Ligand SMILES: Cc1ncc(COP(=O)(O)O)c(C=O)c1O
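Given next, in structure tokens, is a single chain: the form predicted on its own.
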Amino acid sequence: MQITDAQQIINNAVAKLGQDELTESALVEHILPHFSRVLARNDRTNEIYLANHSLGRPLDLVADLIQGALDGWYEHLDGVWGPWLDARDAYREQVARLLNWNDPKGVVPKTSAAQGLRAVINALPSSTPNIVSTRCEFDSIDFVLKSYAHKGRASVTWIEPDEADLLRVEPIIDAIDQSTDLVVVSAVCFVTGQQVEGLDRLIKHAHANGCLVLLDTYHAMGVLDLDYLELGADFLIGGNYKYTRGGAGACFLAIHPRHLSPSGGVPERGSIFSIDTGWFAKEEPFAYKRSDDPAYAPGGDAWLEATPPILTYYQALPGIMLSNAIGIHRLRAYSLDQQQHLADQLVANGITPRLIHHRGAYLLVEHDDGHQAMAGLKDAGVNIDARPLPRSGRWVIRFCPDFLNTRDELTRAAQRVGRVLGSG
């Protein structure tokens, strides 16, 4: 199967939904049949999957597209590189569309969000940058920053959440001054699902102090309908593992146009340019020219690295194309409705969920022992996960409905949760 064929199949299915708000009946009729392989697992296991905030569930088209990429390799050998690079560019275009990013070339494929963070830190003019970040960042981001600090390659100021384990922008703003080089912060916190408010004020303050901002969009991308270009962060990192169903390794770094050279060439010393690089970032990668100074490709291509992991793009494209075709605003409205239904059903079964007012795609249930709760719920046929809160250390179980979950499933899940956790 070709990428254009997959896009047409998705467009045809989504067109049948109409232009109005999403309904369960329409989704079941027109969209769920394209997930037949993963949904067949429901019947085999009697499991209700509510870990959609962790690993997203793939379309059937994923296998078809990957097989098409392999078929081209078998048939054309090195002649397949044209279609393979077209797939990479299609991935960049789809991510740019989801982010409201006006330059697809400013979206640089990475195999992890952490890889994007390292590329940015290593691109800064200072060899030991002053970085402000928070205790609410994902483990990889947290670990990378601590590793740089431990090696003496960065100085990191850590901002704590408040007593409710929520992140406020005011302490981050207060920590930024003219000595700060970079702020690293999430749009949605990975443990609580809290949408961080006031990012526009934070970014404006950072820029007024000559500081750059890197925004982690992993739990916001495909969930919140944000115009990231208007928001104005210098760099975005994120990936398709979760809400856009792209699987492992399908991530990106997006660079604001203000930091991209339209002409390429040899960068000025002291400027922002990537040293996490490879031959695909060269000005003329297939000319095999060599000079004493590195001549970079123009725009975002200057942030590419070496030979890319091609199959990742085929793997990620169906999910992100589906999200774009349906529209994030419609997916968001449907998600909030599902979350409220699940919350109401949990209450009806003796469980009090924590609904953060400004949140991403999931709700929480607090518990003293997250490991015990996870084990009990999975034994009962509810697939979820749990994480410790960054400040209090108390565990929260994360429940993420998805449009593949019917209301009946959510009702049955709440009943099972009540039986397992009702006495806790």
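What you see is a predicted model; the values in this text were computed from it and never measured. Start at 1 and count along the sequence shown; that's the residue number.
What comes next is about the form predicted together with this ligand, which does not appear here.
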item	value
Residue (of Ser186, Gln94, Ser133, Thr244) lying close to this ligand in the predicted bound form, criterion heavy atoms within 4.5 Å	Ser186
Listed residue (Trp101, Tyr148, Phe235, Phe190) with a non-hydrogen atom within 4.5 angstroms of this ligand in the predicted bound form	Phe190
Candidate stretches 339-347, 257-265, 165-173, 109-117 - the one whose heavy atoms come within 4.5 Å of this ligand in the predicted bound form	109-117
In the predicted bound form, Phe138 touching this ligand (heavy atom, 4.5 Å)	yes
4.5 angstroms heavy atom contact with this ligand in the predicted bound form for Ile121	no
This ligand contact at Cys251 in the predicted bound form, heavy atom, 4.5 Å	yes
Any non-hydrogen atom of Tyr218 within 4.5 angstroms of this ligand in the predicted bound form	yes
